[in-house]
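Take a look at the structure tokens below, where one protein chain is shown in two forms, each on its own, as structure 1 and structure 2.
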Structure 1
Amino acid sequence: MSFVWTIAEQHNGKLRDVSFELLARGRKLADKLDTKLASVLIGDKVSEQSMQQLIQRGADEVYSIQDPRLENFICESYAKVLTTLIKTYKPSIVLAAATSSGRTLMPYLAIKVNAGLTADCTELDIEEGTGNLLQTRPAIGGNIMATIKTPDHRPQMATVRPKSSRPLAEDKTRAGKIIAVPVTADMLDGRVKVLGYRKDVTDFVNVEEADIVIAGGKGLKKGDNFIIIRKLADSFKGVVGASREAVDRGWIGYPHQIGLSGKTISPKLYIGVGISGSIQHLAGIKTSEIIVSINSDPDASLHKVADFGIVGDAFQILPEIQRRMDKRNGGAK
């Protein structure tokens, strides 16, 4: 057993970005183990061009399992497919995204193949000498980072936080193999059928996919002051994020929380207002392209990792930024 596998995700035949993020993680591990990296793609009507993208982003092989009955994610059927593949090809490591589907599928699959699983990892590495997968994740409410290994069973399995790493650059010169795996009746579970999807709009915010995130923390002093953050985020055509402290105080809902105990983000622009910058929060924003910190404390940890740090009173700075955004957008002067 040697291969490293990543589980690609698709919806309506289109690959999700997290598929490429996983390949970046898997490529690093496969190179350390001097082995091949494969991407497993389950779905229907996913184009060969999309599969070539997986190769161009780091995969050596793509296992393509295409069938109309696999168009929608059904845990039981996907697990049956993967169980069959794991028993046939015997990979050493299997990685999936810590998305709603990955968090549903991987625990179920781990039981089926008698493997260990570490969920919601932020870092992965290979142990020298043993080849064991070192899986680092937050523990005890995000207050410590635990490194876990499963030395006695294979494959070693982990889910990885979306947006915790950047995809590799596309390399159109890379060559790889696409392996079409035939679907047989015993690889499907007919007990569950997808009838449709219903969107949950209760305090929903897609902070993970946003290009611009403006986040507030304890320095805002009270929940009512998040109206300033919301207005500014609207001006930037961005979304509102928050520190754990702001959420714990009931100032804003959990879907906005950023950090190890919340969402991991990778926007083009992140602005943190009144956020000191705990280790847990910094881990959730570290792949942001540009980080701006606004805080009255010059020694705030967020200032130290920021591309731009503004030391001062947020209640004086934000109105000025808002005024300039209004002017830029053709609104109030």
Structure 2
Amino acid sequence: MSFVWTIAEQHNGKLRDVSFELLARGRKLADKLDTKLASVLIGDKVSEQSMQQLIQRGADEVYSIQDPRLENFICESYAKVLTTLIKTYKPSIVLAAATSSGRTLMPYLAIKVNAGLTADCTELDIEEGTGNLLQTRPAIGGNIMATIKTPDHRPQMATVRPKSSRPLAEDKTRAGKIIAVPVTADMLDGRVKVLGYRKDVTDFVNVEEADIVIAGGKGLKKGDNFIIIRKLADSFKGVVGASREAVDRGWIGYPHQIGLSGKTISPKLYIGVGISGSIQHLAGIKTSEIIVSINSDPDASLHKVADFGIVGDAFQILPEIQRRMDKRNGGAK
């Protein structure tokens, strides 16, 4: 019986939310195929409790590969581990998150195991009759949705856009098997060394994994005005995004950039402030659950794709929203 696999992601031994989002996707596919769902967890000293979490969120089995040399993501080693596992267990489907590591590991791995791979899927389903995986992804800047299958190669591999699905609720009664896979020398590739991590705390953000993103554009007129966006984003427990125009003007750092030459996001709520909505920017936000646009130009393209738009002066509207949020959050400021 060939299982459905998801590749769990951890950082410093802690599971990332995308690991659970993938399990929600995988559970649905495994149920349709009447097979089991397994999660592969590569890292170092990840707790038994974390592995149980994977089971409580949908996995039937967890393959645990733990070694100090696998603590950090190194594409070549992770690919070797997975090549060994895939050759041993022959899964029919392997899903990973479309993150910086997933989008590096999966194309590297797909070549090694001679498999087809579809990038950044927003929908996955099983084809009636054949049992093939149907992989749907936005292409050409989100202007089309392409559905892709891999009829003759196994496993069928896909990366899934973060936040494009919600994790299943935790079910403490679920039981599953944890299989510790011993690490052998042929699974390690010593060529690349991780020297460390650098985090610019003052101006760093993970827009891809945020539930709420408030983005500013050219209409903010100057970089200092991002303070207004930052404050509002804090009240919403969200993060700050930006259009290319704002980043190119040096108003805010590149990690904030959303769109074709930046990040693609699927948050629950996106609010665009003073963003006209170029095709490139829209490509990055189209799969957001709710789009709100605030722009003084009634003809701004962003208004046309918005679920809710306000035509007006952002510098008057944002303080009003801020007042409501302050009230809600209980702090009269």
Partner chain sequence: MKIIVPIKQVPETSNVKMDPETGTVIRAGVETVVNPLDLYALETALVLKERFGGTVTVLSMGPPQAVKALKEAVAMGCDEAVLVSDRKFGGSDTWATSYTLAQSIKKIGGYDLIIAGERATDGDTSQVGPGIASWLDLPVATYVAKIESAEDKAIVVERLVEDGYQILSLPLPCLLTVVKEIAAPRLPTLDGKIRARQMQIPVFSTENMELDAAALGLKGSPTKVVKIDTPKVTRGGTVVKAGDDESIVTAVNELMTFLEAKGIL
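For the two forms, the rigid core is made up of the largest set of C-alpha atoms that agree within 1.5 Å on superposition. Every residue number counts along structure 1's sequence, beginning with 1. Here the structure is a predicted model, which is why all the values come from computation and not from measurement.
- Working note: structure 1 is the copy from the form predicted on its own; the remaining copy is not.
- Relative to the superposed rigid core, the position of the CA of G190 differs between the two structures by less than 2 Å.
- Once you line up the core between the two structures, the Cα of G26 stays within less than 2 Å of where it was.
- Superposition on the rigid core between the two structures places the CA atom of P167 less than 2 Å from its counterpart.
- Taking the core as the fixed frame between the two structures, we note the C-alpha of S261 moving 8.8 angstrom.
- Taking the core as the reference frame, the CA atom of I321 shifts 2.9 angstrom between the two structures.
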